[in-house]
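Only one chain comes next, encoded as structure tokens, the form predicted alone.
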Amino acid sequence: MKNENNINKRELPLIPLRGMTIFPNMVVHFDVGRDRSTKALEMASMAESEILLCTQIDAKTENPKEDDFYHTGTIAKIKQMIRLPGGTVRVLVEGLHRGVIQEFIEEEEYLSARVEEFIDEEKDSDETLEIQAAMRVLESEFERYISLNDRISPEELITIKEVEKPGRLADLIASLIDLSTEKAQIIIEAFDFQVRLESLHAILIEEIEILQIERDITKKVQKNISTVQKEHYLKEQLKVIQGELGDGNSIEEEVDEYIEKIKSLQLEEEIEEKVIKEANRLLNISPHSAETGVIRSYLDWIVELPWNIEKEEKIDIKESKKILNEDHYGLEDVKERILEFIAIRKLTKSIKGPILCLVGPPGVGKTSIAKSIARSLNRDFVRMSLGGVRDEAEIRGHRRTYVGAMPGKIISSIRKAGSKNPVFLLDEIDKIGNDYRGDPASGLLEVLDPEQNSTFADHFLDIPFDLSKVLFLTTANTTSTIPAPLLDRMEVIDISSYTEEEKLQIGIRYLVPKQLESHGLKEENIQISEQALRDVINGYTREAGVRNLEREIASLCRKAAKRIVEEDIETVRITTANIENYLGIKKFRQDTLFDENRVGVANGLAWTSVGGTTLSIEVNSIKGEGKVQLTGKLGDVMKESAMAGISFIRSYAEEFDIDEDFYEKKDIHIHVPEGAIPKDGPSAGITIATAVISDLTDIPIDKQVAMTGEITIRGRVLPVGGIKEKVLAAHRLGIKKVIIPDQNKRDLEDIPNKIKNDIEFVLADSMEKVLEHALVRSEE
């Protein structure tokens, strides 16, 4: 038999509850912190002190809307409100009846809704035999639930048995058991007594099954713990029995062996005592304890480290020079600095000195230079890659309190080297990172400081190890991402990109013989002409180093080996004419000069991660309203540089015979071709300004001139970087005159003499001088 509900329609303020459900006849307090909910409480207390409480579907939703909470809830009476510090309100409410939202009303300050109120009309006549039976079964199952759940007082069962109304019984039991939001909502939405009792009965049976499984698991765990304790007790007894029988000397012998090895290391007295004390702990710990393994691992690391083992260093500057020249072509400035470093080492006999940081593009030989230094000094060489290292423990190790603790890579590499004075290369130091696990760069501050690293303390060893005799070298592609305190400890040696001639000689002297050997070929099996090698350099690689060049040479060797085996021939000749048969169509096109001088088109020079490159800047002015359009995927700095050039031209328009109102009558379009490639930087400033002036004055620009430099709004030319790489790019294009800022004069020392002889350099400090050499004025 269904209950008869008395239905009233009302408009009430609404509060969405997070993570809780309130049932009718339930008195509970909770805290309200959200502004809209607090306002809803105030509005309810000003009216009839009644409010609708609905449960949020997702408790994490901060500002719930109509679809973010269930539309069936409990109409409750506010019994008490207390304002707490911080703006939170603690409210005591009493659940009255169920309520269903019929229409949602969203006020600006609080939520409200038109609600149908369902008042349970529970009469004695409604208690049929079927409902009475459901109530008894529910009480019985709740008794079982209490027996399995220690969190509910048995006294609640007395309260339950005193309830005679079916609807109230179901609501009371539902409020006492730990239900999920979804299950509690099922009970809230059950208006029929019979449905409510049956739904709660099904939920209660499921909860009882879960509690029984939890109890079984707890018993099994306790049983396992008891078993472990029993095993430990028996092992201790066995240890005593073995001692009585004279079979317990193995641990003592092991400890004695450790102590003998520790004393042979000739450590400082304080350190030796600490390590011996650690070894003696093995005597007082069960052999089967997990800590025994940790102590053994610690002692093994201690006795295997080269505390006093040094490899004899041989400093012969002539031999070092010979080795550096054997291993590397070019890089004269770098070799000279390294030889200076070695010479000072010979004179001072001191290990303390600068930490060298080799900075340059990928593939220019930074790592191989470090190996050559180690070979020239007759030292062991170890390398540690720092690329992607984000955990400080990678540098300083883990403390022994952690499971599986190990020393850091610094100590591990020293152990691997077998001596305390190796050449230690910290590779890719610019790619080190940091996160919640610590900052590895901070861990390196002590390692790379000659004043501190004599007492370097790894967390695993927990005793100082002398790193002062280690020769540290670092490599990086750029210094911009190296933390300033770390960079301050190092002396930077810049390694610039190779010229075409240097790449050619490296290919002939090093790469070709190396690849012939690795592919099982002899010199007579493959002959690569010099011009063919130049074609590989210019047409198939575009890089600062020689890595891709080596890959292309390896590809030539593989294809030659295939022909030799397939066609049974002795020699494969690779020339300019047939190189595309082996490597395919050229990957990079060679830039070429224009056939004639053009108006509004200037040759600019740019620096990229793979070396220098040339770029043409085109300007076109058309009748318009003075708009300036910049295209070609330009960065913000390049756009600002262009605007600075326009401002300069406007202020000097009369001197250039340009219409002073050009910025109001003409639209200027500045475009840098190859629009898919991002471009940025201030070094194109004078190039853009020259192209704009050329277009506005209709004076062509010399096709044989290329330029680079930053411009100011007053027409000054400021210095820029990458001069060597830019000049090499201009030389490849066939440029005869290069305009650079006057303050970059010192950079010309890095330009090879062969290129200086082919190019005329103009040092400009103002745009007047740039225009003097760039514009081709007709002679009258």
Ligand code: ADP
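The first residue of the shown sequence is 1; numbering continues from there. Remember, predicted model here, so these are calculated numbers, not experimental data.
Keep in mind that the form predicted together with the ligand is not shown, yet the notes after this line are about it.
**Student:** Answer yes or no: in the predicted bound form, does the ligand come within 4.5 Å of a heavy atom in every one of His328, Pro361 and Lys514?
**Tutor:** Yes, each of His328, Pro361 and Lys514 comes within 4.5 Å of the ligand in the predicted bound form.
**Student:** Going by heavy atom distances of 4.5 angstroms or less, which of Gly365, Gly408, Gly645, Pro422 would be at the interface with the ligand in the predicted bound form?
**Tutor:** Result of the distance check: Gly365.
**Student:** Within 4.5 Å, heavy atoms only, which of Ala174, Val389, Val546, Ile579 is in contact with the ligand in the predicted bound form?
**Tutor:** Selected option: Val546.
**Student:** Closest heavy atom of Tyr510 to the ligand in the predicted bound form, within 4.5 Å or not?
**Tutor:** Yes.
**Student:** How about Phe193: is it within 4.5 Å of the ligand in the predicted bound form, going by heavy atoms?
**Tutor:** Contact with the ligand, no.
**Student:** Within 4.5 Å, heavy atoms only: does Glu272 come near the ligand in the predicted bound form?
**Tutor:** No.
**Student:** Does Tyr498 reach the ligand in the predicted bound form if we count a contact as any heavy atom within 4.5 Å?
**Tutor:** Result yes; Tyr498 sits at the interface with the ligand in the predicted bound form.
**Student:** Of these, 367-375, 479-487, 294-302, 650-658, which stretch puts a heavy atom within 4.5 angstroms of the ligand in the predicted bound form?
**Tutor:** Looking at the partner contacts, the answer comes out as 367-375.
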